[in-house]
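Here we start with a single chain on its own, the form predicted alone, put down as structure tokens.
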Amino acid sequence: MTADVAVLGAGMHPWGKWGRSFVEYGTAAAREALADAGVDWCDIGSIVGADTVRGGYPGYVAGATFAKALGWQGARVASVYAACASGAQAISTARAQILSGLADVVLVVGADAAPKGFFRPAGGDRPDDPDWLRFRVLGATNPAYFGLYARRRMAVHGDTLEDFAQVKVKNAAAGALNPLARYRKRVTAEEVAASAVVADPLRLLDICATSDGGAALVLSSVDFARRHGAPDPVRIRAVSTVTPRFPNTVLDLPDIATDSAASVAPPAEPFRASIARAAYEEAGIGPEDLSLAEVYDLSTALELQWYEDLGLCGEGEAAKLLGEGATAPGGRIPVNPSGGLASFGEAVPAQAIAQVCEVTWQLRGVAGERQVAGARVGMTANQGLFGHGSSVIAVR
């Protein structure tokens, strides 16, 4: 039996600030994915929901919440919470069900109605929770970490504010071509530099917003897809959900300290690089095989870090790769042709699913003005709080 699963359908609710329930966004995305797949809701054998924990009690049971909204029909249900990696964990759960024979067709759906401004922890005292502690002890919002990442790259690799700005310029140009993006306006490097400082050295336009949005996929066995009239579907070949290795000597959100390497040597690769390596090994490919990548650009500096972690270039060479135009549309390896989080913002449980939606459309050749010519292999990458890896490789 092949380890691939087919992507029969993909659907998204546009990102923005709509002021409605996350259930509405996820249900709309699910219906689009079902229509794209050409399957009826009653044909779905399982539904896996990527959870949001800010939307009240229904957010903790997102799988059943979406099943109810679509109409109870007896399908299996599962719910997954892994912060920003929730969507990839949901895809991994769905794939396991398909490959084990528990279901032929699975709906994966995630959606969020994010608060305006910085994310903050849920209420209550939790002194053993690093996410709670970083707010209570340091008052460190997410942009504080993004600024630390940027400062590290400037100190270690010589990256500049101009390098960071060019990431935003690239992604904004791609987002301007994406009807699902929240921000569809090109920007200049001068506009990035003139925007307000949020967490030095990062400006407002260096950092992604929080957004509402939803995304969904219909996954199936390859045999089902072929019987269903899809002889050559986009196929998911790898899903990496690895955790860090001890000692973790590079600061990772939300932890506010690294492990000591005084007695144990640090691992050969940092956490994010290990996420990519596991995906490559499972898929049996390398970075040289990629046609495009969708990465987690919480900040412009973090996108540059992903270039190196995905092996698109050597350590310290990300700004050079960007400057050569290799990651731009028409370049050797376009990164974030969707426009990335720079153009969408964070809708946490949906975004890893949305990345796979974009890769699916690119591999099908239906991405319109933002189409990557001849796309055959696409990769997604992000990470969730507390060491949740997240990477998906899809092929055509």
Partner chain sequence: MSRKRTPVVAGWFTGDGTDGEGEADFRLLGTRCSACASVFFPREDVFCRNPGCPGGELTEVPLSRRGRIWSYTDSRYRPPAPYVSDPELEWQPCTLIAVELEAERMVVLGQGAPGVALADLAVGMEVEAVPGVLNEDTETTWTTWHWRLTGTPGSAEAEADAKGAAGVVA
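Numbering follows the first chain given and starts at 1. This one's a predicted model, so the numbers in the text were calculated from it and none came from an experiment.
From this point on, the text means the form predicted in complex with its partner chain, which you will not see here.
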- Item | Ala194: touches its partner chain in the model of the complex, heavy atom cutoff 4.5 angstroms | no
- Message: Using a 4.5 angstroms cut-off on non-hydrogen atoms, would Pro121 count as touching its partner chain in the model of the complex?
- Response: yes
- Task: Using a 4.5 Å heavy atom cut-off, state whether Arg184 contacts its partner chain in the model of the complex.
- Result: no
- Task: Look up in the model of the complex whether Ala140 has a non-hydrogen atom within 4.5 angstroms of its partner chain, and give yes or no.
- Result: yes
- Choose from 165 to 173, 312 to 320, 145 to 153, 284 to 292 the stretch whose residues reach within 4.5 Å of its partner chain in the model of the complex, heavy atoms counted. 145 to 153
- in the model of the complex, the residue from Glu190, Glu269, Asp200, Glu324 with a non-hydrogen atom within 4.5 Å of its partner chain is Asp200
- Note on the structure: Taking its partner chain in the model of the complex and a 4.5 Å non-hydrogen atom cutoff, the residues of 254 to 268 making contact are Asp255, Ile256, Ala257, Thr258, Asp259, Ser260, Ala261, Ala262, Ser263, Val264, Pro266
